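Take a look at this single chain, the form predicted alone, given in structure tokens.
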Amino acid sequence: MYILSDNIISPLGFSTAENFEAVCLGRSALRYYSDKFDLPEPFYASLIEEDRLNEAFGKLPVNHRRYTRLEMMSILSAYSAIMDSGIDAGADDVLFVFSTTKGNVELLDEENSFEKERVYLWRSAQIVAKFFGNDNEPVVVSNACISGCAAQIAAMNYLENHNYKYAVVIGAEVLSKFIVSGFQSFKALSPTLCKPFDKNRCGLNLGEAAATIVYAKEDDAVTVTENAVRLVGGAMHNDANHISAPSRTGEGLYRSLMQLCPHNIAFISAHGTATAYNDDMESVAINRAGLNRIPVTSLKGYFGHTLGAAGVVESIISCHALQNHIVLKTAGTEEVGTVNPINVCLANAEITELSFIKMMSGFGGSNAALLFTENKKID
């Protein structure tokens, strides 16, 4: 299926162009917070400014419903992508696919006037789809860190096997006291800016974002541009290793990679969380798949770990890198130090190949990999 349009809402900008330019220039959205969410421990994160979000959302067509921050970000991102795609989002042949791990979980923590159902992921998805006049039941994907990739695989399956021509895939996540304190309790957060794949890495930084990709079924993708990017395959494997980690041997990720039969790959957009465990596991899987010479990049040093939005955000940035014939540097990394050697990209570099792999891993042993190409056909 082909990408018709996309959008990213993050602290780096409210358009894909703004976000991609910032990343190309090496700018990071990560900041130090010492008194946010009334937490006793400071942390680094990327957070969207409330005033900027409200101002941008206020420019959308009038709608009298009240929305949460998550819903506002999702609608704002989807609106921009849908307008650029030219599709009728309210049509029967359009499916909304919503990816998030936490949704409006902060509503459980505070007094508010929203209906009780607003904490459920399916309810947020319905509200976002209804904003665009779409009456189809949206698909909700919540599968830990691989949610954004899993949502794109779900969209592919629906377009291939049902009477839909277009899929609007939205990944969205906001941070809250519940989320940050949870990762602090795991001792998973870095006290400094994260350093993916670095020998001195010591944890991740969190982030919030919303991102949207409008996909077109291949038979109906008549308006795609000459260099349009195509999602040609996706695979998921759960190695059922542990409630909070995939297998140390990279078994599930290795199987996901090999199912795609990767060749002529320009780069790998890795999960790259900057935790000691995850980065080592990815290095093992990459080596087992025979891809250790392929340039590897992580975008966590720019956006932080945006959880359910990460797979969509990072797919979009990587697609635009492919179209611009570059592989982006891994921000924060100084000296690579993983259990198996991998070719981590430490500076922006030119590429000639026409495909890349996006991969993610997460809690419960979940793993996913996507294969994108700028070609309309892989030889």
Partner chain sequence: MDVYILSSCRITNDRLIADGKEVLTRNCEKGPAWLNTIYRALGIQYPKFFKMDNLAKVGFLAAEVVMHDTEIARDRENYAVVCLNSASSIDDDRAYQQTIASKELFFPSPAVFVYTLANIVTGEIAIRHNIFGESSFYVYENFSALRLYDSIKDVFNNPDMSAVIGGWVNYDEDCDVLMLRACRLSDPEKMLLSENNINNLYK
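Remember, predicted model here, so these are calculated numbers, not experimental data. Residue numbers count along the first chain shown, from 1.
Heads up, the form predicted together with its partner chain isn't pictured, but that's what we're talking about next.
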Check your understanding: If we take heavy atoms and a 4.5 Å cut-off, which stretch out of 78-86, 130-138, 278-286, 265-273 is in contact with its partner chain in the model of the complex?
Key -> 130-138
Exercise for review: Determine whether any heavy atom of Asn292 comes within 4.5 Å of a heavy atom of its partner chain in the model of the complex, and answer yes or no.
Suggested key: no
Review point. Heavy atom to heavy atom, is Gly182 within 4.5 Å of its partner chain in the model of the complex?
Key: yes
Review point. Ser113: heavy atom within 4.5 Å of its partner chain in the model of the complex?
Key: no
Exercise for review: Using a 4.5 Å heavy atom cut-off, state whether Lys199 contacts its partner chain in the model of the complex.
Suggested key: no
Check your understanding: Would you say all of Leu175, Lys217 and Lys329 touch its partner chain in the model of the complex, counting a heavy atom within 4.5 Å as a touch?
Key -> no
**Study point:** Heavy atom within 4.5 Å of its partner chain in the model of the complex - residue from Ala144, Ala228, Val94, Leu231
**Key:** Ala144
Check your understanding: Can you name the residues of 154-179 that have a non-hydrogen atom within 4.5 angstroms of its partner chain in the model of the complex?
Key -> Ala154, Asn157, Tyr158, Asn161, His162, Lys177, Phe178, Ile179
